[in-house]
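Taking the form predicted on its own, here's one chain by itself in structure tokens.
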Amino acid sequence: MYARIVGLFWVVGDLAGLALAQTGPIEDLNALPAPELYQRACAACHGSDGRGYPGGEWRERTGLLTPPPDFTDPKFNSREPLEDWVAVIRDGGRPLGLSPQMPSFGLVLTEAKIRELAQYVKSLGHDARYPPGELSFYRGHRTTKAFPEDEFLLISNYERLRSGGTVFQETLYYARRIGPRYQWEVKGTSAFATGEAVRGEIEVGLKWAVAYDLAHRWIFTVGLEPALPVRSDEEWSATLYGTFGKALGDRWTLQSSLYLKWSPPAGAEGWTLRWSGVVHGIFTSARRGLFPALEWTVERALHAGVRTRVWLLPQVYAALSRRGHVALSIGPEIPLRRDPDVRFRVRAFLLWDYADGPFWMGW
């Protein structure tokens, strides 16, 4: 307890000293270059080099309740956009569900100086091989997310069949980043249909962020997903896809995926082409909020005698935690052309971005 009290006084005293050490008004603090400002206001907790005391002595040195992050880690450094770093420096940790011991500098520094400081801190771990967090757009249901992520999802689908039956489908999805641009994933799906035995599927995948452009805010990703049926009459398959993500100004984002699925046992009739896309509206800068979206899917089996299927999926993406790392998305999938099998679907998922902290934190 003594160490924590000392740490809190250290932070407060450092801020006070930062102001009192000036011979002019507080506004003069904004004349300090970002590296010097970091050493005066941030180094006590985050370390002089931004590494956050990797030797484990952060409790004794700072009295903090949670370990400070390593700003020099490019994976951590690139995960969130610059605007989130600006908000934390300006408003403190509490509004974004982070440590309440992170103080607010909004009354001491100008917005321009706060942005300069945030850019300096992010520069400590900058690595151009890592796509920046500005390109991490919200996920849709049918469209693959372009940005490589550390995520866990519970996905639920409900189908009403034209035959009068129903199908419930549950999927557990786990994804983990590998290095700067890769992600591996595994999905386990169970389907419960009226009058039928439970069937399932196991799918693994590898995703690679091929290229990105921060200035124009786009990212392109390719991936491969082989799938094996479990207690099912279906054959194994493999899906090759490409996904493009793009910011459309400050209020909208677009992601679009093109998939080519092949089931080798089916021979020449085993090819299916699918195009999906989703547009999200971003009407708040807060991490918690409601973000409406519209998604579409066009699917066609590449052999004669099969009609093209077209679906629309209006949905809402609800970021539930202040960190934005827990979210719920739900919406009805409506056929634009009569589907011979399915009358309508309802799709939903619960998402946990576990790299941003435990599920129960940041609310």
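All values reported here derive from a predicted model rather than from experimental measurement. From 1 onward, residues are counted along the sequence shown.
Below, we turn to the form predicted in complex with a small molecule, even though it does not appear here.
Q: If you check in the predicted bound form, is A293 within 4.5 Å of the small molecule, heavy atoms only?
A: Looking in the predicted bound form, residue contacts with the small molecule do not include A293, since no heavy atom lies within 4.5 Å.
Q: With a 4.5 Å heavy atom cut-off, would you call V121 a contact of the small molecule in the predicted bound form?
A: V121 belongs to the contact set for the small molecule.
Q: Would L64 count as a contact of the small molecule in the predicted bound form, using a 4.5 angstroms cut-off between non-hydrogen atoms?
A: Contact with the small molecule, yes.
Q: With a cut-off of 4.5 Å between heavy atoms, is G200 one of the residues that contacts the small molecule in the predicted bound form?
A: Although the small molecule is absent here, G200 would stay clear of it in the predicted bound form, with no heavy atoms inside 4.5 Å.
Q: Please pick, from P132, G270, P103, G125, the one residue with any non-hydrogen atom lying within 4.5 angstroms of the small molecule in the predicted bound form.
A: By the 4.5 Å criterion, the partner-contacting residue is P103.
Q: Just give me the single entry in A301, C45, L320, L32 that has a non-hydrogen atom within 4.5 angstroms of the small molecule in the predicted bound form.
A: Contact check passes for C45.
Q: Using a 4.5 Å heavy atom cut-off, which of 248-256, 271-279, 150-158, 95-103 contacts the small molecule in the predicted bound form?
A: So the stretch in question is 95-103.
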